[in-house]
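Below, in structure tokens: the form predicted on its own, a single chain.
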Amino acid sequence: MTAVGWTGQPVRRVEDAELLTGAGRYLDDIRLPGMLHLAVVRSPVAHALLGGIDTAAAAASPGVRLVLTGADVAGLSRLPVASDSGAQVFGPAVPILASERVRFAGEPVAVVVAESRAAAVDAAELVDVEYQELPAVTDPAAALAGQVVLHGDATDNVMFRWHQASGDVDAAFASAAAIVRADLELPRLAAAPLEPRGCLAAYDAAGDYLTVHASAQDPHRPRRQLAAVFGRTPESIRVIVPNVGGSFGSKSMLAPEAFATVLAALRLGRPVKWVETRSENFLAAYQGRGLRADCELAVAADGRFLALCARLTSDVGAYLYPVSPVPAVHAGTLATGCYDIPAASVEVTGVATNKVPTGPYRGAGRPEGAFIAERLADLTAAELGLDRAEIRRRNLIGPDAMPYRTAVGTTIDSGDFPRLLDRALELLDYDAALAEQRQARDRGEIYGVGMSVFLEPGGMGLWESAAVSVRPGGQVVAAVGSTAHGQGHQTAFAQLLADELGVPPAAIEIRAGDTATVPVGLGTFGSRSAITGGSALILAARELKATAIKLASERSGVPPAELAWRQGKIHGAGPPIDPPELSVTAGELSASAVFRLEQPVYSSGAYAAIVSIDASTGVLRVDRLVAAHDAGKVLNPLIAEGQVTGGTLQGFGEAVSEQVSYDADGQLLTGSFLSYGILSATEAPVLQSEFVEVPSPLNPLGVRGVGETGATGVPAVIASAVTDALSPLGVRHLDPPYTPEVLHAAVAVT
């Protein structure tokens, strides 16, 4: 391969070798001299007043150096709940350690720091806590009724509200030929990353400098969080993110236990490490989804969608993390889907329950919004006796309407939704699938065909920074605020810069994950890294070339207009100038840039599926699953396809097996992989997919996000296929997960 034309090529990921050979360095691999270990005392009950906490026996236990309770963190600030979601926030932020009352089983009550992990765990068992149990509320509807109020200074359990409306909704419903109603629910989910959460804090008292290693999605957001809680300047804190064993959104915020770890390190002057167990991760790491939607769609006689009215209730748990309102608000903004709906009124209410708090999980509102829009499309087709593909074609926003302002206040920059649907149905061979369905039903088989079209806003946060430099030896070093935890940045970003600078990717080093060595940024979340981080790198590289040409002009006397950067060198009338020569003359040749978006960039896609259900067992089989994705310009098809495949498996798990469950007392029933239905590779459906490239006009690369497309589109397509399969039995709608028990019961009832 030549030194140009790297972008768009399926280059194998260079970062995988060290991970596959065990050379990766994860948080728990890090050892510091004098390091102590922290264990957490967690509430065994979901709701109780805290009485006395006797720490004497634990403090006297061998090897114990410190015990902290809620009283010890009373002077620290809580993380503020972000206001940029547009929601009105009423509920309190998550505390570091409980004081006065516990509100979910697993809530941290105290921490013990000891010379070894074993000593800390043993001593934690000796902390004697008095709990005066209170009634628990685990159902959002019951929580709204307010018989049990979680926070004593509140009159109800409403944690936040959001509402958006436009158009004449009342008139649309009054004139509608049909009103389609649906009550929908998506269960809570556990992110279940391969590596649980953790951090390692060390404090240099002489320099008043705090260093924190964290399993996180980026370094700068944790640094800002630490500065806010401890009242320190960001410059006095260094955050380092080593290799990260997955996150899926669950490490976008530092855990309360991490702040307790940092406090312990500050108190003791020795490094302190906390790494949670898998059981703790299920019990206390924030969860995703948990949404109910009460929806009405006004429809004209010809099947056109006239107006949407939706009331969404988000089960947000006992407290709010800084970004807890975001997923539910995103769901509200995406409830109209890819459809031209001229009027809408969407309300979102976040409700407190005695469960662990919720936050962003892969998709963060996108799957919920797609589920609402696509279920309504299917139900409308059934109501009017129309083909489900036809009802979508009549209502999809066309490419000529872009940019399109939705009735819920968002602007879709570009896309071709009809093309995506048509391509997905072509891949499925939709007409043949319907013919086979008729034959299968004649044989008494339960056979369904489904489809979904979806949106995925990316680039959230709307800015990112980068810096690019050329070392005297010729190595290009690029530092970017976006931090990889499985996305393949080292490979894809090097491809981008290789084309921009005309050097091979092997000559480029990508740096991220350390506040001491990378520019201030926002990090990796919400399908944003290629859009914002990649664009920032390109802008920095272009600034670097402009600087180099200026220096070369000063050195050679040739006007800048007569010089050009080609193939990694500066060309003019004389011999080419190698940039490293300029770096020796002028110091390190470097440039930095910040890329800013005016609005999110929207990805889109369409899935189609064929499923069958065994009537005797309820076992669901996916016979075909196909997809067409518009991720804009695809930087590396191999990496992009990997993101789609991984997201598809997660979305499929959400659809067929995954659900976090609690009993009426707020006790977690799905606290391990034995009870939580995470899928293995052997249960993954075979996916046939392709990319339909419609470049975005909002960034210099033309890229869109791809990290959450699979998780967004798959639950809706499986729901579409399952309900179609069950429709001859009179089933209008069924909420996921579609476990064998659920499907067998649905078949048995009919």
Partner chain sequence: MIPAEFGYRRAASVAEAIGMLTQDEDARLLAGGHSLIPLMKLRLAVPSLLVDIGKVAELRYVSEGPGYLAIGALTRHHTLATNPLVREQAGLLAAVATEIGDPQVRHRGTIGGSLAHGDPASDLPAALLALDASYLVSSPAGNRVISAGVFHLGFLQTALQHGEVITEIRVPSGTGSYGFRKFRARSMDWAMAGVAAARTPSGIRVALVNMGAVPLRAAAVEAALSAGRPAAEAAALAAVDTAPPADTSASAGFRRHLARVLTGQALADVDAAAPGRAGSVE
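Since this is a predicted model, take the numbers as computed values, not measurements. Residue numbers count along the first chain shown, from 1.
Quick note: we don't show the form predicted together with the partner chain, though the next part is all about it.
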For the partner chain in the predicted bound form, the stretch among 527-535, 617-625, 371-379, 450-458 with residues bearing a heavy atom within 4.5 Å is 617-625
Candidate spot R12, D387 and E390, all three touching the partner chain in the predicted bound form (heavy atom, 4.5 Å): no
Would you mind picking the one in T277, Q439, Q567, T155 that has a heavy atom within 4.5 Å of the partner chain in the predicted bound form? T277
The single option of D28, E690, E683, E693 touching the partner chain in the predicted bound form, heavy atom within 4.5 Å: E683
Applying a 4.5 Å heavy atom distance criterion, does Y203 contact the partner chain in the predicted bound form? no
May I ask you to check whether Y676 falls inside a 4.5 Å heavy atom distance of the partner chain in the predicted bound form? yes
Might A300 be said to contact the partner chain in the predicted bound form, defining contact as any heavy atom within 4.5 Å? no
Whether R511 contacts the partner chain in the predicted bound form should be assessed with a 4.5 Å heavy atom distance threshold; does it? no
